[in-house]
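Take a look at the C-alpha cells below, where one protein chain is shown in two forms, each on its own, as structure 1 and structure 2.
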Structure 1
C-alpha cells in the first residue's frame, strides 16, 4: 500500500511542476537565483543518488562491492563518450562478472 501512496504523490507532484511551467506567465520565475538553484538541485540529487545506490548496504551501512566496479566501468564508458545504453550495459556486465568471480 505504501508503495502506491509514494507512486500517487510522485505522479501528482511531478505532473503539477510540469504544468506550472507551461501556465505561469513568462518572467515570473526568471530570477537568476531561482534559475541557478533549479539547475544545481538535480546535480546535488543525482550525485547523492549515484553514491548511495552504489555503496549502500543493509541498514544504511556503507559497503564497497561489485557495484563499485560496475560504477567505475560506467564512469570509464562516459569518459570514452559511449552512448547512454552502452554505459548502463557496461555497469551491469562488469558487476555481474565481478559477482560471478566471487567478488
Structure 2
C-alpha cells in the first residue's frame, strides 16, 4: 500500500511542478539566458541519464559492459544520421550480440 501512496504523492508533485511552470511570467521566459538554458538543459539531462544507466553497476561502481557497446552503436548510427528506430535497433542488436558472446 505504501507504494501506491508514493506513486500518488509523486503524481501530485509532478502536477504541482507543471502548474508552477505555467505560473512563470512570460517576461521571465523571454530572457535570452532562460531561452538558452531551456534549450540546452534537456539535452544535458538526457545525456546524464544515459551515461548513468549505461555505465553504472549494481553497487554504483563504474562498469563497461555490453550496454556501452550498444551505446557506441547508437552513437555511430546517430552520426550516420540514421532514423530513430534504426538507432534503437542498432543499439539493441549490438547489446544483445555482445551479451550473447559473453560480454
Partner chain sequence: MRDALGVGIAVGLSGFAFGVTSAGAGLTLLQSCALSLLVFTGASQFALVGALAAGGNPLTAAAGAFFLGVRNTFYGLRLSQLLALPRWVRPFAAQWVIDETTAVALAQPTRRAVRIGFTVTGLTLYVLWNLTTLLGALGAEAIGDTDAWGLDAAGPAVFLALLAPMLRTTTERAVAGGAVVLGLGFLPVLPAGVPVLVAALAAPAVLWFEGRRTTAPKGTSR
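Since the model is a prediction, treat every value here as computed from it, not as a measurement. Between two forms, the rigid core is defined as the largest C-alpha subset superposing within 1.5 Å. Positions refer to the first chain, counted from 1.
Trainee: Please let me know, 1 or 2, which structure is the form predicted in complex with the partner chain?
Mentor: Structure 1.
Trainee: Align both forms on the core first, then report whether residue 58 has a C-alpha shift of 2 Å or more between the two structures.
Mentor: No, shifts by less than 2 Å.
Trainee: Hey, does residue 32 budge by 2 Å or more at the Cα between the two structures once the core is superposed?
Mentor: Passes the 2 Å threshold, so yes.
Trainee: Rigid core superposed, residue 18 Cα shift between the two structures in Å?
Mentor: Looking at the C-alpha of residue 18 between the two structures, the offset is 6.0 Å.
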